[in-house]
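Below you'll find only one chain, the form predicted alone, shown as structure tokens.
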């Protein structure tokens, strides 16, 4: 009996499959990051000059936005795990709104780049910039939809002890999106040429 309880307490957060998805997605991005670094080594001056055209302040603000969103999602999952279901929708709505804030910020950032005549075909750096941040943005959109679904379920009192693992899985996905940005931000905005 005690071994059964211990096994239940040691379960991996989320549902089966989410960790496989996260691992596969992180591997995909790792390949892209390595490709970026290899191309950067071939044209350091071009990559450095292009990097200086990015707005580090906006990149930093986006980082804070996603970190805040992840913190709110963590609070929502924690509230659900202790049975404080009334607070879950508030935290998830906050996480969702910060996610939408990230989307709006990226739209303005892309708009400024296109307005300055910078596109994915400007050079290899910007090809990687738009590809990496664009794929990440698709992840943010997907994660925002996931948060919206869980927010609506929480508002309808449809999150309980029996299905909190699904909310955990959504939170794990959202943290992966956050982690990817934490790697993208220094790679694209901060990494200086030696």
Partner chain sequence: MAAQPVPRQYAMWKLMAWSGPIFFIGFFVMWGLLARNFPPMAASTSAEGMWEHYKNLQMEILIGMSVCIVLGSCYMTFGAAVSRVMRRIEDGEEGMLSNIEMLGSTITCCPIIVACGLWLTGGLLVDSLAPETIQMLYMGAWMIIDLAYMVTSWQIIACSVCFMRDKREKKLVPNYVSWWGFVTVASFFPVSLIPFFKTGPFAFHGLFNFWVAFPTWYIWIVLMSIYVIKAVYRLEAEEKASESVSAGLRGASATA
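Numbering follows the first chain given and starts at 1. Note that the structure is a prediction, hence the values are computed from the model and not measured.
Absent from the display: the form predicted in complex with the partner chain. The rest refers to it.
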| query | finding |
| --- | --- |
| Residue 177 within 4.5 Å of the partner chain in the model of the complex, heavy atoms | no |
| Residue contact check: residue 24 to the partner chain in the model of the complex, 4.5 Å heavy atom | yes |
| Residue 184, heavy atom within 4.5 angstroms of the partner chain in the model of the complex | no |
| Exercise: residue 121 in contact with the partner chain in the model of the complex, heavy atom 4.5 Å | yes |
| Location of the partner chain contact in the model of the complex, chosen stretch of 143-151, 55-63, 122-130, 156-164 [non-hydrogen atom, 4.5 Å] | 122-130 |
| Candidate site 96, 100 and 110: all three near the partner chain in the model of the complex by heavy atom within 4.5 Å | no |
| Single option in 43, 137, 32, 67 placed near the partner chain in the model of the complex, where near means a heavy atom within 4.5 Å | 32 |
